[in-house]
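One chain comes next, on its own, written as structure tokens: the form predicted alone.
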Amino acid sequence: MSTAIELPPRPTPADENKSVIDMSKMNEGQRAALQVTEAARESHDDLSFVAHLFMGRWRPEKLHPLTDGDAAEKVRADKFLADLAAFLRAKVDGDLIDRTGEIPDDVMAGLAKLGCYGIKVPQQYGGLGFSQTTYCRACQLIASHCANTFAHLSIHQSVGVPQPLMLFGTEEQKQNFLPRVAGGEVSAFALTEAGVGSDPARMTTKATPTEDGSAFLLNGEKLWCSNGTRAGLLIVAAQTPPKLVDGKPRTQITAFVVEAKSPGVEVVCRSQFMGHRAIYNGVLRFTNVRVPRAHIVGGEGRGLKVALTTLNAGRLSIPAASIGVAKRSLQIAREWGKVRIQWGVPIGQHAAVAEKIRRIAAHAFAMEAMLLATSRIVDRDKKADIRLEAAMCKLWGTEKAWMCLDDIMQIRGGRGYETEQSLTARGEKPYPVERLMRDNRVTTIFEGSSEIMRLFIMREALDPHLRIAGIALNTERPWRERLGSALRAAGFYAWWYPRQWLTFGGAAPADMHPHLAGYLEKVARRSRRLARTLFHQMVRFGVQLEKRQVLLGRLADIGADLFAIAAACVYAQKLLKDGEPEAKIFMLVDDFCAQALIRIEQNFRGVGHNADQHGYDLAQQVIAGEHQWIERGIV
């Protein structure tokens, strides 16, 4: 469906500090946090496929067709991945790395020789210069074998020095630092603090300009800095002197490249975790660390934008790893389901076990489809808006990978709970289910927890509505502005809202197989239902909607499942074009879509029929100590 009325333009530089969100009832801490975060948000006028879905607009051309990558790169990439797989099998002992908490020096040297520390770094700076798709294939391969090795390389490239410099670095910074990190010098990212998770306005690490203005003195402490205990270079986010906005100081966050060997940089301790035991994660302290002004990344005061954009771009490595885990789970389920005999037949023939195997297979297929579709968008246009798609890949992929691991643990039974070393000692094949579970539990937490991802998705989904009607609802804006905004919004919604009730429209691309086209048309219809449901909740709750986090989570999950169905169909069409048998592909697509559509309907019903408020009230009573009697009988 075409758009007859366009969205208002993004704010101009002169208006960028005037929020469309009403902050009048917020305390100073809430206001500061929102101001800092909103100022750092990326700006895109060309909405992505998922952003259009939330507005009830059908834009399949944003995903379809799923094109092949560069032919010349494919030859290089296939050889690189084959060499990497051979190296992993021959040299990387995932169980030993897990037990010792150390990645051997010869393994790191071998990875560096293969170019694994600079997979996406352009060749002119000493890297391999591969695409996002090839990088994700490498992440999937490594994570299926050893999560510690994956985390080490992914942190280095996705959020360490390479990614921020490729996105925001000056030419001088790229020439100085990219060859070092591409060659194997480990890098890390220092953002989190003990009292600061997703609240950057409370950051306590400060960078104070020197008297001559040529450098900054960095002071503070960072928590959970992965790779930090082995890194040679760090990206560090810190508060720089505040900027006056409308006569009031506004928190400024700036990102710096810091030499880890600089005087005043101290590794306070190395953190230990349930899994990822060789992650080299630690607490770093900075005491009067001199950092040249030339080491600022992206400009003074733009550090949070650097961090958030880097996380968006680098976030795809985690769902790539999740695919590797899901596929490894499927491999184990297939093999064990055939050889383990119970009650006279292989366990894979028992319906309860078959249900789990079916679930793993269907979701591994859909996970790969979502990531491949998103990666190809990046490969076509490095500046494309993939915020929603990347967030959904991360949220949906990590949660479904955990589901797959839970299923394979149950299928393996006691053997799944047993360590590889113990299985080997007893003479059994050492499937690493226990290690996989420990290593992958954190994926729904780091680089944006599932809860934060859902709120992030819905903030982005609400953005078009805020641009249309936000000023009208903002009591801090002049009444003339609010009235003008209200009139424009009324005109837009008088046209837009009735269209969300149409039962027709949303045709699949002409070259889509009819079997797949039917599912895409279901996505189009449900996107309009999603759009009007979101609008109804906006009308019902107004500015209080942002507090209805469980409700917003249901809408985010609906959007993620719709994206998953669309991506699965686009990927399936590509596979058919490549010569894969229809029956094999349609079996997977049909099964996945059946599961996803059931979830979608359940979430739609949950929007109107739920116990959210009652549950919230109970939780507050528990926190207040009114139900401590339940805790009787424990030590």
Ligand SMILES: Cc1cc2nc3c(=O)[nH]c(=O)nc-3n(C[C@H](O)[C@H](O)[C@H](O)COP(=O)(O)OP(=O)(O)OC[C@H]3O[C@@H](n4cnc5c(N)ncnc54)[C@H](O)[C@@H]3O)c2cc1C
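Just count from 1 along the sequence shown to find any residue number. In this text, all values refer to a predicted model and were calculated from it rather than measured experimentally.
Absent from the display: the form predicted in complex with this ligand. The rest refers to it.
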Exercise. Even though this ligand is not shown here, does it sit in the predicted bound form so that 226, 281 and 449 each have a heavy atom within 4.5 Å?
Worked result: yes
Exercise. Applying a 4.5 Å heavy atom distance criterion, does residue 251 contact this ligand in the predicted bound form?
Worked result: no
Exercise. Given that the partner is absent here, does residue 442 sit within 4.5 Å of this ligand in the predicted bound form, heavy atoms only?
Worked result: yes
Exercise. Might residue 549 be said to contact this ligand in the predicted bound form, defining contact as any heavy atom within 4.5 Å?
Worked result: yes
Exercise. Looking at the partner-bound form in the predicted bound form, is residue 411 within 4.5 Å of this ligand by any heavy atom?
Worked result: no
Seminar exercise, completed: The one residue among 423, 455, 265, 543 placing a heavy atom within 4.5 Å of this ligand in the predicted bound form is 455
Seminar exercise, completed: Residue within 4.5 Å of this ligand in the predicted bound form by heavy atom, from 531, 391, 191, 289, is 191
Exercise. Hey, of 272-280, 396-404, 414-422, 359-367, which bit sits against this ligand in the predicted bound form at 4.5 Å between non-hydrogen atoms?
Worked result: 272-280
